[in-house]
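Quick heads-up: it's one chain on its own, the form predicted alone, in structure tokens.
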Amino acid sequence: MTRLFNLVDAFSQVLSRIAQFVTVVLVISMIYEVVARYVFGAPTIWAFDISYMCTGTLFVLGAAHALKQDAHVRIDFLAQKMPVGLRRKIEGFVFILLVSPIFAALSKFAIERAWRAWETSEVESVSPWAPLMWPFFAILAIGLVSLTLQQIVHGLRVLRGDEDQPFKLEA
């Protein structure tokens, strides 16, 4: 089981590194657009598409790693008042039986959407640049699958009481 957990963690880490690269692409493309628009008076036709695709990509690719690092925002004023064992059970079951099935369904939808875009060579219809949409949809699907797997692993770690998991439960 630990080997599977480590594999999911490694996949999340790789996607997080890709998200870091996408952040650099986003910043460079936006700087280029600003210079092209305001210095040379020649705006690009692709800047808006790159900005929303990069932003969506970096968030979804980094989400699983953020969960692994316990970097998501949480409101735990009720959980702090519960015994540790009860907290672990509630969090584990919520992640495994509630949250991960929802994200599994979102992943399935994203995979189907990416496949449909691939089959039809779908392009962004409201963009003058008209980029192919399947790469963007495929990246979103990969990120959602990774997040779903990381949620299951997180839930199992909490239920098992693994000490190596980043979420610390104080007594």
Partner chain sequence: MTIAALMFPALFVLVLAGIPIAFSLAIVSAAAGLAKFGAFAPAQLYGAFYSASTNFILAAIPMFVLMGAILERSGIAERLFRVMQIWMTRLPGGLAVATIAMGAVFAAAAGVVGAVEVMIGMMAIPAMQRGGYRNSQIAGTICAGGSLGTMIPPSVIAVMYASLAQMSVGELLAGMMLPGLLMVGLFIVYLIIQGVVAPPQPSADVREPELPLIEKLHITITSLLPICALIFAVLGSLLAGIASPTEAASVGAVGATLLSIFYRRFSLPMLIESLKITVRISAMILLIVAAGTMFMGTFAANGGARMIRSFVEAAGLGDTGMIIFFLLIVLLLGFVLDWTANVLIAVPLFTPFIRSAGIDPVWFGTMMIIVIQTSYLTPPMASSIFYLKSIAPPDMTYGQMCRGVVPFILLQLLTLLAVALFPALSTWLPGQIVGF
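Residue numbers count along the first chain shown, from 1. Just so it is clear, the structure is predicted and the values come from calculations on it, not from any experiment.
There is also a form predicted together with the partner chain; it is not shown, and the following applies to it.
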Non-hydrogen atom contact P131 with the partner chain in the predicted bound form at 4.5 angstroms: no
4.5 Å heavy atom contact, V145 to the partner chain in the predicted bound form: no
Contact test in the predicted bound form: A117 vs the partner chain, heavy atoms, 4.5 Å: no
In the predicted bound form, F40 touching the partner chain (heavy atom, 4.5 Å): no
Residues from 17 to 41 in contact with the partner chain (non-hydrogen atom within 4.5 Å) in the predicted bound form: A19, Q20, T23, V24, L26, V27, M30, I31, E33, V34, R37, Y38
